[in-house]
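What follows is a single chain, given as structure tokens, in the form predicted alone.
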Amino acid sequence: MRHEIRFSGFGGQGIILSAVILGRAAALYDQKYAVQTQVYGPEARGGASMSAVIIDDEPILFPKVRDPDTYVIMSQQGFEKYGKSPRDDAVMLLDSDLVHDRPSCTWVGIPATLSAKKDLGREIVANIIMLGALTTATTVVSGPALEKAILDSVPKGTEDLNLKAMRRGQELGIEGGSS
């Protein structure tokens, strides 16, 4: 089954790292094909950022996401630039405190940034919370594959914090309100 996933937010939120981790989870641990692409403004930190992943059971012949079925949106600017016109059957995970608009497709509100600050004391892991939520709100990758990919990707000494963030996201993905 093919999935086209688009991540968006602002520079500094780990949008590109999220897509890299997701692609790694699919390719290395769920035995699927994956390709990742990225776009970010010249400002980098604070500017609009977008990254995309295609995951498929078959080889991927064209690396660009053309029609996303899944979105992870972490800022209002990211929503306006990359999430305004989703297809009707898409699923969109929104950082519910930072994204104020709501899409026409199915959506799940995840208070990732608030939870990262309040529950874990580190706003920087909000992207990992969103990845955790992605594994319980969709079937894009498995939880065990994501956990292994996170451990492969995060700086040494931050593994426990990132795994707590992933698990918190999984809880929020199950609890999340949708429309």
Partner chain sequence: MQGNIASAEGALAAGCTFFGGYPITPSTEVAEHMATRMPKIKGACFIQMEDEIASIAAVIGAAWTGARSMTATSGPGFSLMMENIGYAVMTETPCVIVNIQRGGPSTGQPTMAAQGDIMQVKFGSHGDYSIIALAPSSVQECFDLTAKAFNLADRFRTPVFLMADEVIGHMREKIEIPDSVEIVRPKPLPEGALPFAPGPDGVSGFAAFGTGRHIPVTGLTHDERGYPDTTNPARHESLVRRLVSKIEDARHDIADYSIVNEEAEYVFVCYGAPVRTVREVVERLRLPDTGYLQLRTVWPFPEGLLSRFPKVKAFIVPEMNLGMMAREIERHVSVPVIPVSKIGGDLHTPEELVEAVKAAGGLL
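Computed from a predicted structure; not experimentally measured. Numbering follows the first chain given and starts at 1.
Only in words, not in the display: the form predicted in complex with the partner chain, which the text now covers.
> Exactly one residue in Ser153, Thr138, Ser142, Gln38 has a non-hydrogen atom within 4.5 Å of the partner chain in the predicted bound form; which is it?
Looking at Ser153, Thr138, Ser142, Gln38 one by one, just Gln38 meets the 4.5 Å heavy-atom criterion.
> For Leu120, is any heavy atom within 4.5 Å of the partner chain in the predicted bound form, or not?
No, Leu120 stays farther than 4.5 Å from the partner chain in the predicted bound form.
> Mark Val20 yes when one of its heavy atoms lies within 4.5 Å of a heavy atom of the partner chain in the predicted bound form, and no otherwise.
So Val20 counts as contacting the partner chain.
> Please run the contact check for Ile60 against the partner chain in the predicted bound form: heavy atoms, 4.5 angstroms, yes or no?
Contact with the partner chain, yes.
> Would you check, heavy atoms only and a 4.5 Å threshold, whether Leu28 touches the partner chain in the predicted bound form?
Yes, Leu28 sits close enough to the partner chain in the predicted bound form that at least one of its heavy atoms falls within 4.5 Å.
> To test your reading of this chain, name the stretch in 111-119, 62-70, 128-136, 144-152 whose heavy atoms come within 4.5 Å of the partner chain in the predicted bound form.
Comparing against the partner chain in the predicted bound form, the contact stretch is 62-70.
> Just to make sure I understand: among 116-150, which residues lie within 4.5 Å of the partner chain in the predicted bound form, judging by heavy atoms?
Heavy-atom contacts to the partner chain in the predicted bound form: nothing from 116-150.
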